[in-house]
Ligand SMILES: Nc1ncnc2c1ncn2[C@@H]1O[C@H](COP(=O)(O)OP(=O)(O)OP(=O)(O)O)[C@@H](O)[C@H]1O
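The chain below stands alone and is given in structure tokens; this is the form predicted alone.
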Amino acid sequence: MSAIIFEQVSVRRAGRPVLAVPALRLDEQRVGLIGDNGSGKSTLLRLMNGLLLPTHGQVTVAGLETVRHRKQLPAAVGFVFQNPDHQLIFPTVGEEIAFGLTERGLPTAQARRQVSALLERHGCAELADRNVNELSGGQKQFVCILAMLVTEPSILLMDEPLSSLDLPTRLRLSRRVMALTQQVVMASHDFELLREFDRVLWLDDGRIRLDGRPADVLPAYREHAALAAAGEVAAS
């Protein structure tokens, strides 16, 4: 399993501290990130694929230090955004998924064959020629995941990919995520899914407040959220 390692990492914006992770090593296959909006989940994810570089410290992912090896990271680390419309750039599913392969120099015909095989393995070969604008939200999100998987990264980062989906679609996509062989690090508020993960990190105000098994971390965060909500009601 590819490790994700943080060493004395901090991020500042406009002189203000937004994240501090003194030491962290992620080896587990399924790691969840939880916390209030603005707690640092997206910042932590973006540090793992070089979209964001640390102000201080070092992040190493799959043996690649993110500052020195930023250009090599996309081959090892895939990233799935919360909103698939921010990620999809080609008119058809086949073209979207093939892009990562042709960018790496694979001939177009060979890329198409690999895309067809990938869609077939995942039971959605009929999507190859579909216009992405005709897809449902869940289908779009799954296409984004397949577009990352086709290049065979060892790590898949996901920033709340299920938040805008209805329950049946969320359940279907959750099952597909759990079946992946890649290491998955996912920011999510879907506690049902996260209960099946190996490890969960609770971020609070740019720091890791609790780190451990889902059975320990999720109830602690839920209790914190309930107390915060009760306090707001009492103050109103």
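No experiment lies behind these values; they were computed from the predicted model shown. The first residue of the shown sequence is 1; numbering continues from there.
Below, we refer to the form predicted in complex with the ligand, which is not included among the displayed structures.
*Asks:* Heavy atom within 4.5 Å of the ligand in the predicted complex: which of 42, 29, 174, 60 fits that? Just give me the one.
*Replies:* It is 42.
*Asks:* Report the residue, out of 190, 211, 198, 36, that has at least one non-hydrogen atom within 4.5 angstroms of the ligand in the predicted complex.
*Replies:* By the 4.5 Å heavy-atom cutoff, the listed residue in contact is 36.
*Asks:* Would you please decide whether residue 82 lies within 4.5 angstroms of the ligand in the predicted complex, comparing each non-hydrogen atom pair?
*Replies:* Contact check for residue 82: yes, within 4.5 Å of the ligand in the predicted complex.
*Asks:* Would residue 13 count as a contact of the ligand in the predicted complex, using a 4.5 angstroms cut-off between non-hydrogen atoms?
*Replies:* Close contact exists here: in the predicted complex, residue 13 approaches the ligand to within 4.5 Å, heavy atoms only.
*Asks:* Taking the ligand as it sits in the predicted complex, is residue 160 near enough to touch it, meaning that at least one heavy atom pair lies within 4.5 angstroms?
*Replies:* Heavy-atom contact with the ligand at 4.5 Å: present for residue 160.
*Asks:* Any chance residue 218 has a heavy atom within 4.5 Å of the ligand in the predicted complex?
*Replies:* Contact with the ligand, no.
*Asks:* Where does the ligand sit in the predicted complex: which of 62-70, 190-198, 175-183, 42-50, heavy atoms within 4.5 Å?
*Replies:* Only one stretch qualifies here: 42-50.
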